[in-house]
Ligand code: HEC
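To begin, one chain is listed below as structure tokens, in the form predicted on its own.
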């Protein structure tokens, strides 16, 4: 008589039952993976997925008006509903770059100082304080002889000098070639301030005698 024939029948049924039962967890996992349910998932460890919260229109004694829902902050504008001067947000009107600072951006000493401050923070690591592409990051990459390093563009080339203010604004916002965009780090007004400062920086490196006030020219060498 074989060994399998000596196993009691109830043991065989029990083994078959346990084998079938072992597939139940896998079947439940597969069902949970692909099925849609309005019930919350089973949590063995309660974390931030399941925490106390206020539902809409619920009371809350923390605030003086007793409401959990707070009114909008004064001056809040829904996304996409802000009415701004054309060209301020994207640097272009239609498909054309705006040539100069848009209306509403006042070119004064305060704007230039703000632009210089933001330029020193975000731009000088690569472009350098003078804008010739000789910043600390660039110099370090050259010392290490990084094979993939692409030197930053000089801001004083004829190509960059000839670009419209809107083009420069777009470059700061979205980046160009290997340069990343800074639209998330720098506000719209500060991006225009940087554009204004870049123009002043360019002019400082390509100034002529005509840029000097007439009463000062005789004192120049």
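The structure presented is a predicted model; accordingly, all values stated were derived computationally and were not measured. Residue numbers count along the first chain shown, from 1.
Below, we refer to the form predicted together with ligand HEC, which is not included among the displayed structures.
Candidate spot 152, 178 and 194, all three touching ligand HEC in the model of the complex (heavy atom, 4.5 Å): Every listed residue reaches ligand HEC in the model of the complex, so yes.
Please pick, from 111, 126, 101, 141, the one residue with any non-hydrogen atom lying within 4.5 angstroms of ligand HEC in the model of the complex. Only one listed residue qualifies here, and that residue is 126.
Considering ligand HEC in the model of the complex, which of 42, 29, 159, 58 comes within 4.5 Å of it through any heavy atom? The option sitting close enough to the partner is 159.
So, in the model of the complex, is residue 67 in contact with ligand HEC at a 4.5 angstroms heavy atom limit? No, residue 67 is distant from the partner.
Test of understanding: in the model of the complex, would residue 132 fall inside 4.5 Å of ligand HEC by heavy atoms? Judged by the heavy-atom cut-off of 4.5 Å, residue 132 is well away from ligand HEC in the model of the complex.
Going by ligand HEC in the model of the complex, which residues of 184 to 221 come within 4.5 Å of it through any heavy atom? Stretch hits, in order: 186, 194, 198.
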